[in-house]
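Only one chain is shown below, in structure tokens, and it's the form predicted alone.
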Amino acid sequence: MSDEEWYDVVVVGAGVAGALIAKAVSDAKLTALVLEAGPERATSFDGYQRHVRHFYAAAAKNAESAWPPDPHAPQPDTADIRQGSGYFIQRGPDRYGSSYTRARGGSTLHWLGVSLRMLPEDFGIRTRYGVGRDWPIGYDELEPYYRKAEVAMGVSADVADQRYHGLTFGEGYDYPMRRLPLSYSDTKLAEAIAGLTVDVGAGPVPVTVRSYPAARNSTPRPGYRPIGTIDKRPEGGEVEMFVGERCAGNTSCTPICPIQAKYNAGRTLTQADDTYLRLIPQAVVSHIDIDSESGQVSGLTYLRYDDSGFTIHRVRGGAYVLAAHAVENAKLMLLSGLGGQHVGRNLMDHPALYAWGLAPEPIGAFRGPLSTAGIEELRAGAFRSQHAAFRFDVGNDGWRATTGAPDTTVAAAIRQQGLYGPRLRESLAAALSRQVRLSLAVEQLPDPANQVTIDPSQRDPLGIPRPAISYQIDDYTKAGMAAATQVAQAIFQRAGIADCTDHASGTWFPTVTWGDQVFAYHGMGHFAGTHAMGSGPHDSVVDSYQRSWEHRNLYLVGSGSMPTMGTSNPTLTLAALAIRTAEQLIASMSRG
């Protein structure tokens, strides 16, 4: 074991939560060390471009296709779900369908950039609707940190579009950049369903298409300067490139923006002061050491690897922050015998369905970012006492995700219809330009039986036990799936879209049944709940500042701290929580 080093704060994980906290600590002129399990390949312009080329060459354009793992730090891959193989040990009864990335930048390397705030009612769903759990803090307390997170990540939206379901904003505030323009497809669908209402719960609910906040660069508001591509050179210099300062409408936001107009956590790390911040890639933390007298964390043991093997190191600090991901945080706590009965439990996601069809006229499919608008009206309502809430993404990518188009559309025209030459071109022009896709993301409540454990009998190349996932989608969420499906069908009918949804002939996804209905679902990558915050150690792992109840110099941050997540993509909320935690952590260290 090598000599120990000491830092004010030691952070495990270089994703968005770890990056924001490390930057805040270094801004306060406190020393910070970030230990990242994965590689650091995308800091230079050339390094990032190699990932873009990897994506272009991949046969399957899934979320992981641009970001292959290092074998020493394996990660889940959605391509493994059907066979039940891969990094996750799937315990069932249902399959967990999401993945994450272990690398500098974390899963923001492959995310879509959707930056929705949670709704005020999401924080008190137990009190209000008798289901799920309440948060120990409310929307009003987190609202200032939402604003800070939106600035830190560079979110594009207009407040005027986002005042719904009780969402409030600070006086005079608007997002740092104007909303991304709606796509032609969005505007055509919005026109087609104008005035539509659907029956969900007690009464008719109006349905509209609206833009959503996204961490992709657009037109900046006064005083804000977008950050695009930064080329970090081997000699230590950094050069801003004249690309990525505006979204150019590439349809590959997931898994990679080819011009770096989309935020990733590596951008935050690049802005940090290297005088106070050190990052060690390819460093897998394997154990948290506890002082038996004080109960405080006394150090971390980590394995530093390269192609020749690994060496064992230990580091000490004043405070420790686990920001490795909801699953990896829980895994590390379990490996260290910490956290009590609640660690790893209440794993959640947003199980999502697809609906797809053909519009009556060309709507410009395969143009613009992957998605620019959603349908948000069913995120809230009294029906949540009976079934899950849900929201829709309106896709701009045709049937790419649902059937593998455009490749499969071309293959079907040639092989099944025998088309070629001008007739083939005419057929493809007519079909591809009319393809419509909706993604129906459904709320999931915390369930202690849905959990992350470790299996010592199955280890990764460094000898660390792999995570095992026990997971089931309950009736509350299935009923939400049924309601969401009915709303999608009503939208298609009103818009004159021929419903082509047929999971048997589309891309394979796992299924669940609800009565006589079969739902093919996919994960949204929205892990949450494995070290949830609460009112005390009797019901939770951390307090509202994400501080361990048992070890007061230990923080577990990220979406694992969220007791529930409603229907919003969790990244913006976990970023707001991380900024709030950083302020509390720095203040506590300043007080000594």
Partner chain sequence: MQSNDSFLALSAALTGFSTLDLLGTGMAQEYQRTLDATLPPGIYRELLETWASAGGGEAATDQIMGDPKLGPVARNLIQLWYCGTWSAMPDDWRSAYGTTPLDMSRVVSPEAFQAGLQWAVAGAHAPASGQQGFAAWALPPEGSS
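Numbering follows the first chain given and starts at 1. Computed from a prediction, not measured in an experiment: that's the story for all the values here.
Another form exists, predicted in complex with the partner chain; not displayed. Remarks below refer to it.
Here the chain stands by itself, but in the predicted bound form one stretch of 383-391, 174-182, 81-89, 126-134, 174-182, has heavy atoms within 4.5 Å of the partner chain. Using a 4.5 angstroms heavy atom cutoff to the partner chain in the predicted bound form, none of A24, F242 and K331 count as contacting. A single residue from the set N250, Q493, Q486, T270 has any heavy atom within 4.5 angstroms of the partner chain in the predicted bound form; that residue is N250. Out of the listed residues G309, P422, P456, G236, P422 is the one that sits within 4.5 Å of the partner chain in the predicted bound form by at least one heavy atom. At the 4.5 Å threshold, heavy atoms of R379 stay clear of the partner chain in the predicted bound form, well away from it. For F55, a non-hydrogen atom is located within 4.5 Å of the partner chain in the predicted bound form, even though that partner is not displayed.
The closest non-hydrogen atom of D274 lies beyond 4.5 Å of the partner chain in the predicted bound form. The closest non-hydrogen atom of R415 lies within 4.5 Å of the partner chain in the predicted bound form. Interface residues of 381-411, taken as those with a heavy atom within 4.5 Å of the partner chain in the predicted bound form (partner not displayed): R400, P406, D407, V410, in sequence order.
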